[in-house]
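Given as structure tokens, the chain that follows is alone and in the form predicted on its own.
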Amino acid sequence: MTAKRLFYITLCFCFFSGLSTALASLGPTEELKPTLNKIIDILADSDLSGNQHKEERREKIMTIAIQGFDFLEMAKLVLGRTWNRIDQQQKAHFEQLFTKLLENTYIGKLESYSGQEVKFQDERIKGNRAKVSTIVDNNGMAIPVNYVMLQKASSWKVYDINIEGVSLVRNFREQFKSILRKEKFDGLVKVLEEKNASFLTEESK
């Protein structure tokens, strides 16, 4: 191997090593900001507003949300111990149903966006978990919204949202726990399927 070739190989190695280190060093706030900003940009886009653009708008929002939110981790947490009792096919189906439920409920609420400003306050990191605190300025009313994040493969993703002290994951887990106790897993799946179907019925009216 010539000295010149060795030089270029070493240079490339140093470049990609440096790039990997830079990507790995991104903190939770730095990873969350672009995700929220892109979603806000979509909500504020007049070309995507109104019911006639709802499908396109939702698709764009969910494409971004999937990159910044860990829906699999959310599904595991809301299902609790039941998650370990079901097979892979059931887990995949439940994750799909729960993600669709979040789209129908929480994305639906976001679509009433009218210029609210998100202010990032601080972040707290403990191991591979973090909490990013924000304040949403809604017409002079300050609403605290905390994003709870998990680091996987050097990437931080949201797995819970705490709005004014109320945890999204805990709220759903309590609701699902009651259904699981009475109707078991199959009963919960049926409830979610019917709930998601009801949103389609409302949209078609």
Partner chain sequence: MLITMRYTILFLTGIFLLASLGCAQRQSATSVPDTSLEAAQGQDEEFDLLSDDFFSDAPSSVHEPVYYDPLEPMNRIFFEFNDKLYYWVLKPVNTAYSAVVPVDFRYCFGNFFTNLSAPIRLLNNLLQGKFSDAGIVLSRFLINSTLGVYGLGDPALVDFDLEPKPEDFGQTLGAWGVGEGIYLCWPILGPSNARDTLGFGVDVYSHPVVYLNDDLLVSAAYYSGNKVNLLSLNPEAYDDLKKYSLDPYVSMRQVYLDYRRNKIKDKAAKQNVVDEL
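Residue numbers count along the first chain shown, from 1. The shown structure was predicted, so the numbers you read here are calculated from the model rather than taken from an experiment.
Omitted here: the form predicted in complex with the partner chain. The next part is about that form.
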S46 within 4.5 Å of the partner chain in the model of the complex, heavy atoms: no
Exercise: F69 in contact with the partner chain in the model of the complex, heavy atom 4.5 Å: no
The partner chain contact at Q96 in the model of the complex, heavy atom, 4.5 Å: no
Proximity of G165 to the partner chain in the model of the complex, heavy atoms at 4.5 Å: yes
Complete contact of K91, F120 and K152 with the partner chain in the model of the complex (any heavy atom, 4.5 Å): no
Listed residue that, although the partner chain is not shown, lies within 4.5 Å of it in the model of the complex (heavy atoms), from I40, L26, I143, I179: I179
Contacts with the partner chain in the model of the complex, stretch 60 to 82 (heavy atom within 4.5 Å): L77, G80, R81
